[in-house]
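As structure tokens, one chain now follows by itself in the form predicted alone.
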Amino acid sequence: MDLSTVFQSTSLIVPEIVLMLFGMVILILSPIVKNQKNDYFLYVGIAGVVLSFVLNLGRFNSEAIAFSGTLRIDNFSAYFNSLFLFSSLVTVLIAKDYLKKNTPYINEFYALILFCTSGMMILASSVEFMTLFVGFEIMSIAVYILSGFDNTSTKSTESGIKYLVLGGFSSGILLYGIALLYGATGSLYFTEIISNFSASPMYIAGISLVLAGFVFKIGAVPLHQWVPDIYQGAPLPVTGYMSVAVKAAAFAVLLRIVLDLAILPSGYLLIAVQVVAVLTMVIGNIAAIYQSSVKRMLAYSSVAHAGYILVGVAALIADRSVGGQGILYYLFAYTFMNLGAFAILAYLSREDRDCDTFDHIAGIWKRKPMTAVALGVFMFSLAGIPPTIGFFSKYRIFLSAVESGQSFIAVIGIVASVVSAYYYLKVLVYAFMKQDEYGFGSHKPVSSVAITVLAIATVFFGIIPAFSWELAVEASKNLLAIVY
């Protein structure tokens, strides 16, 4: 690769470079600026995210290859990058109010969010396994640290250690699978690996291990056991960020790989995805019903939502003509409603405790009526009740299953969604009908703005979904176009 090609490729990943540079600026200057009361580095972090977001907008309606075909810059990656950057911006804003009094390392938190998001953006563009693994590790290492970021909490420390051990184990599985595929095919590019398909044990084992690594990251059954423990222990802004951004990043890569695998002359992949989707929806929703912790309930809810998205993946494998727009739109919708739910928990938390149990949210209606309304919006949307964005996204996912001839999975998904209404409405029973016995945290102005934006967007895109739906349609067309 000559120097001009290197410069050209580097110019194509400027949004990722911007995040890394702004993150390094925060890390270098933070020890110099001793006054933690000022929010200089909050503004630096916001500026980095906003600048990267603006630059990423230029990637829509364009397509380019970078670094000898290891990265594909297109509508698909631009769509996911927009979700990552929006999630990171909301997380930074929420963390400003939530973490500032709990840790002296708030500036480092901003830097880690920027690094983590840059890793996700690399993942979304990867079409080659070594580049994928680099992005995967950039994201994962930052998330491990973020999970245990609150050093005043033993639960947070435990969460960070657990995620490090389990995540490292899943990374090892993924890397071993990549090594086996390279040994079987002599290539690390997705399309070349598929074109050199063989029924050899090495090839089959490699594919199985790679898929297992990503099943772990999306939190699907049977590799979901880490989700409730990590989500409960991690700081609330981190939990919300993990539940939407990390899941979306894993699905972005999974879609590229699964679509390539779908051309293989075998129905085993479809059967496997169907089974995992059904088990994930059923187990996630049933487990959520029995939780006394709101954070753990939302964690199992996150598992169930991974199952709904896998319904769309199964539909896409069975019939590519249905497109992947339902999957992409579901992840778009999930970003607003789930991030909003965790933002409210962070908003209601006090300095001495998180808003964790159902009792901690009791009486919101009397003390904070607008917060209670926003909580109702997010719970209705997660349950799939109109006119919220959650209803339209679930409708599109289940419709794709019906169109692909998999009505039985759609029926199971609808029943599971109805069951989920029980524990989502339970939250509202406590918020509107119970008495407050614990009290809430002080007013957090930045968080309240973020919650307001998320709640308005959840309703607005539910009533008028046309524009956001068209973005998902265009991004899915680009994804399908590269599979051959």
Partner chain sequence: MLAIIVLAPLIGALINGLLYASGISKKLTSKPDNKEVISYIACGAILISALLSTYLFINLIKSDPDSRLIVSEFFTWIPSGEMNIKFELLFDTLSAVMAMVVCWVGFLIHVYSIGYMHHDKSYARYFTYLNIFIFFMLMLVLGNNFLMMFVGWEGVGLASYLLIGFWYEDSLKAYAGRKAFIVNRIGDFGFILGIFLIFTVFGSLNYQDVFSKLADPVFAGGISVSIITAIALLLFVGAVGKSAQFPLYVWLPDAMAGPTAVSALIHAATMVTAGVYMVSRCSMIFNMSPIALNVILAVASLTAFLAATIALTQNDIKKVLAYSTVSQLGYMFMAAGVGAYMFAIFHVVTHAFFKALLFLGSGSVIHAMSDDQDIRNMGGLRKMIPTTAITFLIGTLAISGFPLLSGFFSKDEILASVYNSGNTFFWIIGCITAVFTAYYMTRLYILTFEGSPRMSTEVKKNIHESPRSMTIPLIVLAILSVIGGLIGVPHFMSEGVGLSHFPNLIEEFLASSVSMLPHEAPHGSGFHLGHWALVFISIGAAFLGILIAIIQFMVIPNVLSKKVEKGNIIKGLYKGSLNKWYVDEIYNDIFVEPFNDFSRQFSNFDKSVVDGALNGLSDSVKNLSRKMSSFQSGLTRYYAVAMVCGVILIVAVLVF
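In this text the structure is predicted, and so the values were computed from the model without any measurement. Residue numbers count along the first chain shown, from 1.
Omitted here: the form predicted in complex with the partner chain. The next part is about that form.
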| Can any non-hydrogen atom of Pro222 be found within 4.5 angstroms of the partner chain in the predicted complex? | yes
| request: Indicate whether the partner chain has at least one heavy atom within 4.5 Å of a heavy atom of Met24 in the predicted complex. | output: no
| said: Under a 4.5 Å heavy atom criterion, is Asp229 part of the interface with the partner chain in the predicted complex? | reply: yes
| field | 4.5 Å heavy atom contact, Pro465 to the partner chain in the predicted complex | value | yes
| Heavy atom distance at most 4.5 Å to the partner chain in the predicted complex, all of Phe60, Val278 and Thr280 | no
| query | What is the one choice in Ile414, Val402, Ile145, Ala272 with a heavy atom within 4.5 Å of the partner chain in the predicted complex? | reply | Ala272
| said: Using a 4.5 Å heavy atom cut-off, which residue among Cys355, Leu255, Val215, Leu71 comes into contact with the partner chain in the predicted complex? | reply: Val215
| With the partner removed from view, which of 205-213, 243-251, 121-129, 314-322 is the stretch that lies within 4.5 Å of the partner chain in the predicted complex, judged by heavy atom distances? | 205-213
| For the stretch 391-426, which residues lie within 4.5 Å of the partner chain in the predicted complex by non-hydrogen atom distance? | Tyr395, Arg396, Tyr422
